[in-house]
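Below you will find one chain, with nothing else, as structure tokens; this is the form predicted on its own, and questions on how it binds or moves follow later.
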């Protein structure tokens, strides 16, 4: 972590800002708000990269020679690893470069899972990230795909801040710390706290996309634990979502609301049956779970709370409790924010009957049926599940839709 100090003048605004929190005492570029101008610009308005996202990835793509996940990386350098090894909650943009094809058993019809379908197709020309090759605009909205970048979602200058009264503003007391972590301080009359991951709010429109829709919703109330870019081999990484996540996503996807195939947001409260299902479900055929330890980061949810103290207390790396009567489903209950190894940025493979087959991660290298491996190696499939032990699932594990809708 000491290398952060030597890199500080190269640091840039980020696509998901997974920096280590202030608790470590490191020199952190963003500080929850505006960083050093020279970290991103040569002379205003010229960027250090060819475009906004390329500037971000100068620091947020893992450096050559660094293979283990580090906190602030959101993309794997393909020279370093053929696997997408970064494991932040939002996912690794590396999956956008992975194209797969397979022919299911008993058929002659080749199926595909192309990289463009694995996430938000940021345009970062210096790093080989290109515009979406299929959708010219955001699904369910009008955001132009050719303009999609890190700063489409994140305010590079960190103007959005939480004030002492809990409101979100773009002016007022200076931002003195990040608001993204369980260890983050509370705002005061003299110092505001940055919003979660520098997400943009009401009135935002990036300068590189003047035709993009203006944001109508503020950032969500959310908090991450201090360590989060990590394998979940033995424990979950719990980012706690209090409220407002789906409403914020609808800044760019306004038609993905209650009329979408799955209700989301404040009006999509868990029913009593859903709460019982979530708390009972462990794996296919195993519904012996306990509410005290039923949480799974494969199926996160919103607390339905605006209480920062409650949200901070629950952001941790440990077995933790499942939903109660105020919880609701949100966009990130099924999707990752950046990218994933599956189509539609899904957290697991919804296009397969089994996500675990004969007690193995399906792969083209372990004789799994092609319709389950879907062109991926077993190691790639394991990475999509953040290196969970395969025996944490059923021998024939079905979709994790069953965490809320037990049908198997």
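Positions refer to the first chain, counted from 1. Quick caveat: nothing in here was measured; it's all calculated off a predicted structure.
As for the form predicted together with heme C (HEC), it is not shown, yet the points below apply to it.
Proximity of residue 357 to heme C (HEC) in the predicted complex: non-hydrogen atoms within 4.5 Å are absent; the residue sits far from the partner. For the chain shown alone, residue 109 is not a contact residue for heme C (HEC) in the predicted complex, no non-hydrogen atom being within 4.5 angstroms. At a distance threshold of 4.5 angstroms between non-hydrogen atoms, residue 253 is in contact with heme C (HEC) in the predicted complex. Although the partner is absent here, residue 364 sits far enough away that none of its heavy atoms falls within 4.5 Å of heme C (HEC) in the predicted complex. Using a 4.5 angstroms heavy atom cutoff to heme C (HEC) in the predicted complex, none of 202, 217 and 314 count as contacting. Only one of the listed residues (284, 113, 333, 294) places a non-hydrogen atom within 4.5 angstroms of heme C (HEC) in the predicted complex, and that residue is 333.
Considering heme C (HEC) in the predicted complex, the lone stretch of 101 to 109, 160 to 168, 83 to 91, 305 to 313 in range is 83 to 91 [heavy atom distance within 4.5 Å]. Taking a 4.5 Å heavy atom cutoff to heme C (HEC) in the predicted complex, the contacting residues in 113 to 141 are 116, 117, 119, 120, 121, 122, 132, 135, 137, 138, 139.
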